[in-house]
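Coming up, as structure tokens: structure 1 and structure 2, two forms of one and the same protein chain.
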Structure 1
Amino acid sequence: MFGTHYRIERKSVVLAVAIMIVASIGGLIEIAPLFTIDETVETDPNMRVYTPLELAGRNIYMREGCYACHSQMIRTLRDEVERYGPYSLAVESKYDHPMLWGSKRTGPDLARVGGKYSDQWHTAHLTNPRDVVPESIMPRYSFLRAAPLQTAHLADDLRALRRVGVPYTDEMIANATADAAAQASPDDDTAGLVKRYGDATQVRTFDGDKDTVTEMDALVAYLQILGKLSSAAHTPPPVQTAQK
């Protein structure tokens, strides 16, 4: 075997052809599945988009490097499904730019953390993780509670995402700043927010402080929606009937 390899290495043309053949095989294995992507990737016509507040929380999640320790993709392995819930589907990341699947889990997977814990738990955990999980090695993010959320740029964020396929409307973009504040201020008029993003929109003071919309509000709002943008993973597949 090695003798054949050595002979090929001594002939540059033969070596170049061999490299191209091997590279072509690898490329074909990666490219071929794309031709059937419409048949293999799920669809969900009822999938919702991130609200401006949730999107701001996602930006904070990326800014603080949370994705380096937490994945957002449950594999099809039995132990993962039993621990975290139904395995992740491609459609659930349809509006994620960039996707945050991850591959390293210093902490648990967060793909279905939405609704698993209360807002108070998340706020306490982010403020000082050891208060709720004594063995945690996660750093503190207490400063988020004192940082007012900057919302002036959110319309631009929505506009940029629309250019890559996220179906934000002109009305959503025009009201992005107001909607971010309204979602964390239940005493304000939230009818417009709910009309634009649906009745399932979570409206409350996520960090417990009614006076200021903070970065903690945004991050908790984002965590509480993970796994809830689409119900595809919780919907049983259609039953295939035998054709006569």
Structure 2
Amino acid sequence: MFGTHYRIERKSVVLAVAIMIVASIGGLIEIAPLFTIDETVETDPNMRVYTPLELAGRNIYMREGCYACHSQMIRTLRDEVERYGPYSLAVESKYDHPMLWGSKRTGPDLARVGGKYSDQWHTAHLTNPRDVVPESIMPRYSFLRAAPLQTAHLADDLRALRRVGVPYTDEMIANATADAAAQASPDDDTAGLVKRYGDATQVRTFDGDKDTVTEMDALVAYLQILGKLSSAAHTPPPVQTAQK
């Protein structure tokens, strides 16, 4: 064995090829099957996609690095389930490109925060967390309320997501900009939006300001949908057998 190596280490290209082969094996065996084994992701025919406004909110969540302090992955451990709700299933992040499971909980898990608080609470909390929770160490995001949401190119975002596998329809893509505005303006005609994304679509002025659609509207709309795209995790019996 060491004799062979004594010869290999005299040839740089052989060494390089050997490194690539040896290093590739682990990833191939662990990752490739995740795309082919059906049980990896549960099926949920009622799973819905993010509306353009929620998607914009999700992009703000990424931009602000909320994932650096908040996880979105409830593990299969008793205390987590009791604290945050049913443990997360793979299907729930099926349309998340990329996923935002996170690796650090400086703040609480947000996988099921949708519906836990009112829109006003979120808006006040994001504007200055210490107004609502005096001890909080979360940063302030008051600037979101002043920033009008950029919606002009949302169709491109939906189209790119369709390219990677999210089932946005032509109609959804064509109406992306209008749908984003409509979801935060309940006085507008929202019938088309609700028809495209389902009856459960939440149409409200999320940040309490009717006149402009702001980044705060988008982010709160996203927070309020967390854990609600699929009901698979709540339907007994669980699709995936529980681990200890």
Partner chain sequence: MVSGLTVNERQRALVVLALLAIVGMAMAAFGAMRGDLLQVHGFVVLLFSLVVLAPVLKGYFAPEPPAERLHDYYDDPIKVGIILSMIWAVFGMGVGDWVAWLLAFPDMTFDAAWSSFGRLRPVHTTGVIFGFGGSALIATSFHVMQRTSRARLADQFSPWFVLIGYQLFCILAVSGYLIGITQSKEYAEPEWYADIWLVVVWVVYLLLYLRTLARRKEPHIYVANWYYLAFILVVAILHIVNNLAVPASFAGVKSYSAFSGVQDAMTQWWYGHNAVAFFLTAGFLGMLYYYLPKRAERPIYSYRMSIVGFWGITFFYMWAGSHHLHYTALPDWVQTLGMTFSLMLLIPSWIAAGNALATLNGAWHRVRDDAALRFMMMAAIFYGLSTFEGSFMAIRPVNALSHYTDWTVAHVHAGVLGWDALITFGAFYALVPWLWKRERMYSPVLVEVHFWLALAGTLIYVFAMWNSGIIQGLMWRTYNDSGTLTYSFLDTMIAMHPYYIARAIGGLLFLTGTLIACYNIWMTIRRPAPRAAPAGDTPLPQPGAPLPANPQPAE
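Keep in mind the model is a prediction, meaning the values are calculated, not measured. Reference numbering: structure 1, starting with residue 1. If you superpose the two forms and keep the largest set of C-alpha atoms that fall within 1.5 Å, you have the rigid core.
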Structure number, where the criterion is the form predicted together with its partner chain: 2
Displaced residue check between structures 1 and 2: residue 43, CA, 2 Å or over, core reference: no
Core superposition result - C-alpha of residue 17, shift between structures 1 and 2, Å: 13.8
